[in-house]
Structures are given as structure tokens and as C-alpha cells.
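What follows is one chain in C-alpha cells, specifically the form predicted on its own.
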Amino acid sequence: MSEKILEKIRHRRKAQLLLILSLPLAFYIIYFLIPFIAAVGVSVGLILPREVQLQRGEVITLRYYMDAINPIFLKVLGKSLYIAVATTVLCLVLGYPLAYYVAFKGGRYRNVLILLVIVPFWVTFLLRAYAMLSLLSPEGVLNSFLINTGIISKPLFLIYNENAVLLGMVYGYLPFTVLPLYASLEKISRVYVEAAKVLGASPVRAFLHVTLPLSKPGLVAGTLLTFIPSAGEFIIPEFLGGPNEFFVGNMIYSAFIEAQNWNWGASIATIYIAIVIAGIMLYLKYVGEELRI
């Protein structure tokens, strides 16, 4: 085959790859990159400058970042990151055994079990938050059951606290952990596990030295898919946290909608996104595994 024909094939493959990637790339640029750049511009006053900024003749300023970094924000920041990490850890603890069981023990019911994991996605996140609210409220299903069975005499106050938010987050994001774990575990050949047992490894050692390392891509994907959205969650803290539980998502909403201070809200969002991205990069660096499912 001549060099010209090979060159044409390469160009054709590059054109096909570019065509395939054009739609998701355009979606990424329009709905993430451009809004993010706009938010950074608003946060430094380059876009939508305030009157005080114009009076001082400041084209670009870091004053909004100085306003954002205050003791209240740092406290809310710490709480939000704590809840996101706790949600991720609990989802991994609960999701790994479930994904393991479906992948290795599901048998002919495997597709049905995966369907049950996916079913919550058929309902909007808002309705699921309402469901948790009706379940945990003083007049909800759980309290009614405990009272009717005589376990308690008066309703327990289970909502509008940090534990309710954490429970709601785990309920909402558990499928995001289970699905990539299942996809990774399902690819593991049982031959490797059986070979480890033949060589004298106990079931625990076979799991720790064979199954767990081979499922590492699913762990990485599940961690990222759970931590990233839970870090900026707004709906669940709004419904289950109440007025006393304030998280970064609620603070950003208040800055933009209630206070109408877009510069302050954009600076908070930019700081938080930068912290989350830095944490994810450190995680991927120390995990030492590329994300692949």
C-alpha cells in the first residue's frame, strides 16, 4: 500500500474522530467552559462591575474574593467538604458489596438487580428529596411506624440537621457509585480469583490482592461521580437541612438570587470549584490510576 493511500486513511480517521467528538466538545464548551469563564470574569469585576468598583476606576479587582473569604464562608466550606467526603465514603462502603454481589452472585437476575439500581434515576432529584422529607418528617412514614409499633411514644425530629442531609445525599448518590463499580467488577474474570485460591490464598486475601486492585478503575470513577456533584449539592441541603444547615450551594444561591450580588456569588463559586478541582487532582495523583471503566 502506497504512502499516499496510508496518508489519506489517516486523514479520514482523524476527520471521523473529529466529527464524533464535535458534538460533545461543543456541549462542553457552551454549557461548561463559557459559563465558567464568565463566572471568573464576574468574580473579578471584568464582567458586571459594581458601582463602587467603577467609582474607584478599577477594571479588575480581587475585592470580591476578599469579601468571599470570611469566617462564615470558611465554616460553610469545611462543612460542605466534610459532607461530600462522608457521602462518598458511605456510598463506597454500601455500594461496593452491592456491586460485588450483583457482578459475581447475581446470575440470571443480574439485569433485574441493575435495573433496580437505575430505577431512582427515573424520578427527578427534586421528587426524591421530597420523598426523603416525607419519610423522615415528624408526621412521616418512619415516625408513624415507630409510634404504631410502640417503639417510641413521641415523634423523633429527624430532619433539618446535618445527619438528615448526609442520609439524603447517600440515598441520592448511591447509584452513581454502584454503576461504575459494577461495570469494573463485571469485567474481572473469575479465573484470576480461582487461580489465587489454588495458589493457597484465602477468600479474603484473594479479594484484597486480586479483586480489589482489578476493580480500582471502578473505585476511582465511583468516587469522582459521587464526590463532584455532592460537593456542590443544593436541593438536598435546602430540603433536609433547613435554615440552620447552610452549605456552599445554598450560599451561592443566596448570593446570586437573594442578595443579587453576582460578583460575590461568582467569587464563592470560583473558589469552591478551584478547591474541588485541586482535591480531585491530588486524589488522582496519589491513586495513580487513569479513569477507565
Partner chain sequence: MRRLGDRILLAYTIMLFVFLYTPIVSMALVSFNSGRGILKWESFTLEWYTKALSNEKILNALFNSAWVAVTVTLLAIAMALLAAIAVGRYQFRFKLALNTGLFLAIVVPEIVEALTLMLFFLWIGSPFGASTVIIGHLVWFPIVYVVIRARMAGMPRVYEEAARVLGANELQTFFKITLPLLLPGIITGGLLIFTWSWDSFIKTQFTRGPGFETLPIYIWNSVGARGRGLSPEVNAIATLSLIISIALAYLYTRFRGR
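Throughout, rigid core stands for the largest set of C-alpha atoms superposing within 1.5 Å between the two forms. Numbering follows the first chain given and starts at 1. In this text, all values refer to a predicted model and were calculated from it rather than measured experimentally.
What comes next is about the form predicted together with its partner chain, which does not appear here.
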Has each of A131, L135 and G242 got a heavy atom lying within 4.5 angstroms of its partner chain in the model of the complex? yes
Given a 4.5 Å cut-off on heavy atoms, tell me which of 207-215, 111-119, 67-75, 81-89 is the interface stretch with its partner chain in the model of the complex. 111-119
Answer key, its partner chain contact in the model of the complex at 4.5 Å (heavy atoms) among L127, V198, V191, I151: the residue is L127
Is P35 near its partner chain? Define near as a heavy atom within 4.5 Å, in the model of the complex. yes
Taking its partner chain as it sits in the model of the complex, is V44 in contact with it (heavy atom to heavy atom, 4.5 Å or less)? no
With heavy atoms only and a cut-off of 4.5 Å, decide whether Y101 touches its partner chain in the model of the complex. yes
Against its partner chain in the model of the complex, would L25 count as a contact residue? Criterion: heavy atoms within 4.5 Å. yes
Heavy atom contacts to its partner chain in the model of the complex at 4.5 Å, residues of 219-249 in sequence order: I228, G232, F234, I235, P237, E238, F239, G242, P243, G249
Any chance the CA of P155 moves 2 angstroms or more between the shown form and the other one, core superposed? yes
Would you say I69 moves its Cα by 2 Å or more between the shown form and the other one, aligning on the core? no
Core superposition between the shown form and the other one, C-alpha change of Y82 at least 2 Å: no
Closer or farther apart in the model of the complex, the C-alpha atoms of L224 and L18, for a change of 3 Å or more? farther
Look at the CA atoms of Y182 and F121: state whether they lie closer or farther apart in the model of the complex than in this form, given a difference of 3 Å or more. closer
